[in-house]
Ligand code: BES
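Quick heads-up: it's one chain on its own, the form predicted alone, in structure tokens.
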Amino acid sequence: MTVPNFSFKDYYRPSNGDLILLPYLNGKDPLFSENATKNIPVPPKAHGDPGGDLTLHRGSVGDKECLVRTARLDKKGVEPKEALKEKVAGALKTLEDEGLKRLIVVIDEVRAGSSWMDLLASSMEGALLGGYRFDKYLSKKGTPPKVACITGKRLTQEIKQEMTGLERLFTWVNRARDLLNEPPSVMNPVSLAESLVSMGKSAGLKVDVWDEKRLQKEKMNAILAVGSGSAHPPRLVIGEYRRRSSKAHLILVGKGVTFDTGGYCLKPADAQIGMKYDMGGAAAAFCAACAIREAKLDINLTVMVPLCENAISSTAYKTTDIIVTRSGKSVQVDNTDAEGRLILADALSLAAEKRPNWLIDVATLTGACVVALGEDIAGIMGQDRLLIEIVRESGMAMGELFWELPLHLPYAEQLKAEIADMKNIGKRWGGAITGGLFLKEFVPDEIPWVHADIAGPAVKEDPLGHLGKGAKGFGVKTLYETAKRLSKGEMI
């Protein structure tokens, strides 16, 4: 991947090829002061109403050639901190188009007030996530641009530490994107497991991999069934992080289907585009776990990611097959394209056996969730009101949107079968809810559990806010923030 080089500076020193971005909170309130812009040619009108995103100056700054532009952050329906991320990402595109070398963003505490810290973080995120490029397979790779945020004063040690922590988190988001952007010919259950082991150990996790023999021994029959049609056997990767100072235990479970053809219930060709992202839950859960470990949050953590390729062959599982899951419950397969809930069933059963304080699964589970909420918003549901709220609020704080869907118990009638305990799919309508109800069968009522269906934002190929085309790494920030809040005892 190519990612900009980002830094904070207390003053501006002109350099050839600078693009200077001057943010305005609205049409009249600049987020920069004269002190922060003393080396920048800012016409008097720039301190009034900029009217929009305008070019204020193109030419010499001393003996250097620069471009100075304004950026308004009052986009309707978008918080200023989110708008700034988009403006920074957009300015990086301008930097490339104009052949410029460095982006300068000016945010002064005097002007920004209480939102200063949020805006500093947004300038960094807009650069590091908005400027991410997956260029591994391009013959001509880009040169990482430089981005500097001018603060008008030196940052305190406390602020520096917070920004360093965020930079580490954003790095893990981009590492999740790297995993997801790889083609399915490269990233299969075996190679993904190897990548996760390497990443987990580098972050300090204890990592174990269950191969097909171990899966069979542990009666993970649903994982084995979904992976039975592929030349690449399934895997279950388990990462652990333990703190002697904490008694609280969080388990994250992520769906990892490295490519989903739909199996014998074959997806149409167009619907298979983006199916390499069907391991979005696994990437989010595991990379969040790495970020949690690297930050040394005071919480005990386990992450479980079942990895399969849902392929077609003479050995693939079929409709009307009956699978006896690890829990002992039998499932009749009515649709081989409802495979994610099957592999999660085994993983959730294993997780529940450990009796965690909190259990969160994240998955690109249903197209029905995308129909309900669109591509920008993920769905959440579960059996613990407080945990649902903290996940939703954590997502909001980190710029990832979640909306609660009801676990409407009467819909569970759709999952009843005659010769098995249950079916793996219900009727067409309310499919995201019946998917959640299916998973609920494998989590005891007393365990606080939340299911996040990220099928929309995780699989969206087009840009999402400041995030460009391709994988978004959606969920990493939310899961990290959730663990951070739980580690502080907000829900114990």
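All of these numbers come straight from a predicted model, not from anything done at the bench. We number the residues from 1 along the sequence you see.
This protein has a second form, the form predicted in complex with this ligand, left out of what is shown; the following refers to that one.
This chain lacks the partner; the member of L179, L129, A338, I251 within 4.5 angstroms of this ligand in the predicted bound form by a non-hydrogen atom is A338. Note on the partner interface in the predicted bound form: the residue among G204, G367, G90, P144 having a heavy atom within 4.5 angstroms of this ligand is G367. The candidate spot formed by K255, K267 and I425 lies fully in contact with this ligand in the predicted bound form, as each residue has a heavy atom within 4.5 Å of it.
Only one segment in the set 209-217, 255-263, 145-153, 164-172 has residues whose heavy atoms sit within 4.5 Å of this ligand in the predicted bound form; it is 255-263. The closest heavy atom approach of D278 to this ligand in the predicted bound form falls within 4.5 Å. The shortest heavy atom separation between A455 and this ligand in the predicted bound form is within 4.5 Å. In the predicted bound form, this ligand lies within 4.5 Å of some heavy atom of V459.
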